[in-house]
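Consider the single chain below, provided in structure tokens and representing the form predicted alone.
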Amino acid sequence: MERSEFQKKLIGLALAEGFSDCEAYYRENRHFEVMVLEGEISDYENSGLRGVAFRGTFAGRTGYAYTERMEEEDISYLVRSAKENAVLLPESERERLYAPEEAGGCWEKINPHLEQLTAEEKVQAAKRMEAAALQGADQVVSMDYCVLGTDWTETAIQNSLGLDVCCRRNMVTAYVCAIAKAGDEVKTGAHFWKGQDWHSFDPAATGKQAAQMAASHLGAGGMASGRYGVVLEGRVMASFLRVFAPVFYGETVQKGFSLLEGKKDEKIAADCVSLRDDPLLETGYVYAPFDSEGVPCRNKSVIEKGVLKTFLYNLKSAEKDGIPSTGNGFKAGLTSPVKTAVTNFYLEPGKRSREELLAELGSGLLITDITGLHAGANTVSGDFSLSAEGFLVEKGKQSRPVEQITVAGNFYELLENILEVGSDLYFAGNGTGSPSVRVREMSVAGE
């Protein structure tokens, strides 16, 4: 059955069967992925999945059901299953549906050329990426990972309160990780690319960058412990934002798990720090004109010139604070519950390059990688202690590589100690992004 017809019939039957309100959430994904190793295909996937998640209020309680089939008989199954589930849940867990001021519409962010690519063209691009990585530096001996994928996704939500929205988009992603070796020393270097414009994707340049990154870290040594002026590469700062993003969620604040409680409209970061959540950013990883509850998404300034302007909310957490949702209620999957999540969550870039930040730093440390964020970071207190590697900075230039160091600090203090934000905005695959940032100082444990 056609998607929109199925949703309408489902809502109609649910209302006739005694639901006071209800929603039909549809998701379809077509995914292609190829992994290559030593010039041959090592893994290949060409799959599709679609389904409908139904939720509605019956006898004052919210019930749920879902299906991956969309035939006439599945409509009654969903309504019956949701009824049965509703009686098992307390009234306090009832979920409110979104009542739109306008019915909505359909958004498309589709590059037709991506849909016309053949599987062979994608495979050959992945092979070129691997070949370039293997030839990108003399020290590269093998590959850890080389994968290319494309996705086409449609999300459509209808509810009994007048909501009717849909969005279609496609994209391509590439990830390559090279292994470099010198004697007994082994280093890896990875590079990630994402976009819609196939013609702007350079497989050779992507592979070469991973190779050069791996080779550049060979010969790393230790360094003395102390407090150093630091430049954090964009991918490192983006990792901090990814892990500590929940401190900006309304539901986290309400539970008492964020030290930002009561600090709205107060200064919490340096003047150069502006943090945005922009679901419509053209160059971002995410495109979301509405969230998984159907609430319109918009570009939001979370921190503006150091001042905390807003928390991020879904419908449930926004209702507790008596404010509208910010459009940050998202499902991790078709059957997942709605939780607060960021979209393109990034520090606004400045005007100076990473090299200019290093020149301004003079001497100190460039940190290019951190590990152990989930185990070594406390998202309540903001404290972190993490293994890191990077390069010494001497006379304003990147110098020898360093490893086996630990950087420690506090996320809230890190925001206050940023002296300058660079222009080289980098987005990780999860939607968090940052340019390189120059930090007044950080504690480094070394030799």
Partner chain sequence: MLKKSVVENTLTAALETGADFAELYVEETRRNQIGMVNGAVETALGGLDYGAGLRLFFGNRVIYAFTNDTTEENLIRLAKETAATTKGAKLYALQELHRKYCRGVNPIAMYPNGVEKAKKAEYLAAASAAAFAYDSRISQTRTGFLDVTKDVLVANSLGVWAEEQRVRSRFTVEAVASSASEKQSGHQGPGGSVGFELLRQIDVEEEARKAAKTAVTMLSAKPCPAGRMPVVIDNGFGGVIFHEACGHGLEATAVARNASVFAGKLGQEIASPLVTAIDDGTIPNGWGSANMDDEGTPTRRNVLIENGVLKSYLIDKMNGRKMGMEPTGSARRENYRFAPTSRMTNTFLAPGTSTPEEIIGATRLGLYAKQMGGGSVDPATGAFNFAVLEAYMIRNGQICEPVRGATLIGKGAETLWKIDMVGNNLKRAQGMCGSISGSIPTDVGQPMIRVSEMTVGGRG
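The structure displayed is predicted, hence computed values, not measured ones. Positions refer to the first chain, counted from 1.
The following text describes the form predicted in complex with its partner chain, which does not appear among the structures shown.
Only one of D369, D74, E360, D144 lies close to its partner chain in the predicted complex, with a heavy atom inside 4.5 Å, and it is D74. With the partner omitted from this view, the residue of G256, P90, G222, P324 that lies near its partner chain in the predicted complex is P90 [heavy atom within 4.5 Å]. Proximity of V407 to its partner chain in the predicted complex: non-hydrogen atoms within 4.5 Å are absent; the residue sits far from the partner. In the predicted complex, V380 stays away from its partner chain, with no heavy atom inside 4.5 Å. Its partner chain is not shown here, and in the predicted complex it never comes within 4.5 Å of any heavy atom of L386. Interface residue remark: K397 is not counted as part of the site for its partner chain in the predicted complex, having no heavy atom within 4.5 Å. Of the candidate stretches 79-87, 194-202, 262-270, 152-160, only 79-87 has residues whose heavy atoms lie within 4.5 Å of its partner chain in the predicted complex.
Contact check for Y287, N299 and V307: none of the three has a heavy atom within 4.5 Å of its partner chain in the predicted complex. Residues of 217-236 include none with a non-hydrogen atom no more than 4.5 angstroms from its partner chain in the predicted complex.
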